[in-house]
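One chain comes next, on its own, written out as structure tokens in the form predicted alone.
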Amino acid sequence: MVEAFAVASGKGGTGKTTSTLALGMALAEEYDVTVVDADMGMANLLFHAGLADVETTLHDVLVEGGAPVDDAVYERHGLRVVPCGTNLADFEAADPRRLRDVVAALAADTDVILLDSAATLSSRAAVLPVVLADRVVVVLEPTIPALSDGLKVQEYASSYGTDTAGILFNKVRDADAIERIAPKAERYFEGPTLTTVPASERVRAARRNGRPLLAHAPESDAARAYREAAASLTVRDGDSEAVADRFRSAVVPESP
């Protein structure tokens, strides 16, 4: 079985990478999970996962004649993690179309693939993870502008046949804001609200220490919220070979 989820937001600063790793660790309590940093231009996942010093990253795989996929896969925190590098020259040399073959190869040996997507849908590299995924998890802050950005992600995903798994409200400081925003979100988004994650100093401390939240503060309110979100996701039982074939033949979109 395998299902691929893109974790996207439509804007930066929502805590998308934190959410990707937290969902991954929570899902890994039941499934084999692979997390891929598909934000090829603004990679951040390697810092969150304690992989800043690794030698081979996704960029090295995506260049012509590049490294084998397995060389960029690291076992960390109960997950398989594929980080992306931060060197601008490596990003420019990488061919985002090769991500199709990378995800297809990973699909043969995992139950869940989480694609940490770019903050905005501004380039071919940015939109490809949303196109490849079976479903998208939209990470939002509880504001009207954030809803608008998230709806753009859903609209674009839907145009390529990618469903919405649900929305995740993050960095929530004001319960009244959720009461105002949640009914609007339920009206316009196709998936349910998976959870509400409170703003937390524990999240910032985890990032400073180069550790995922669920490893740094597993009993925090934020960690419990992410486990709630993971429990709300029912992973579909896709055939690994069929899914891999779909990834390899996926249409590479132009920029929105």
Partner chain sequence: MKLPEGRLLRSRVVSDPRTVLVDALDRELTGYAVFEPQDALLLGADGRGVVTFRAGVPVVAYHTGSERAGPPALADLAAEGPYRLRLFALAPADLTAVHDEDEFRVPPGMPAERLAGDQALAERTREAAPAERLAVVSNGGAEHAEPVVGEDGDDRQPGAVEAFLDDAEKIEAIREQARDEAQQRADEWGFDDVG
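Residue numbers count along the first chain shown, from 1. Given the structure is predicted, the values throughout are model-derived calculations rather than measurements.
Form predicted together with the partner chain: not shown, discussed below.
The candidate spot formed by 123, 173 and 185 lies fully in contact with the partner chain in the model of the complex, as each residue has a heavy atom within 4.5 Å of it. For the options 181, 73, 94, 106, the one in contact with the partner chain in the model of the complex, meaning a heavy atom within 4.5 Å, is 181. Exactly one listed residue, out of 127, 115, 136, 84, brings a non-hydrogen atom to within 4.5 Å of the partner chain in the model of the complex: 127.
Note that among 57-65, 205-213, 186-194, 40-48, the stretch whose heavy atoms approach the partner chain to within 4.5 Å in the model of the complex is 186-194. Heavy atoms of residue 154 reach within 4.5 Å of the partner chain in the model of the complex, making it an interface residue. Of the heavy atoms in residue 142, some are within 4.5 Å of the partner chain in the model of the complex. Although the partner is absent here, residue 236 lies well away from the partner chain in the model of the complex, with no heavy atom inside 4.5 Å.
Within 4.5 Å of any heavy atom of the partner chain in the model of the complex lies no heavy atom of residue 102.
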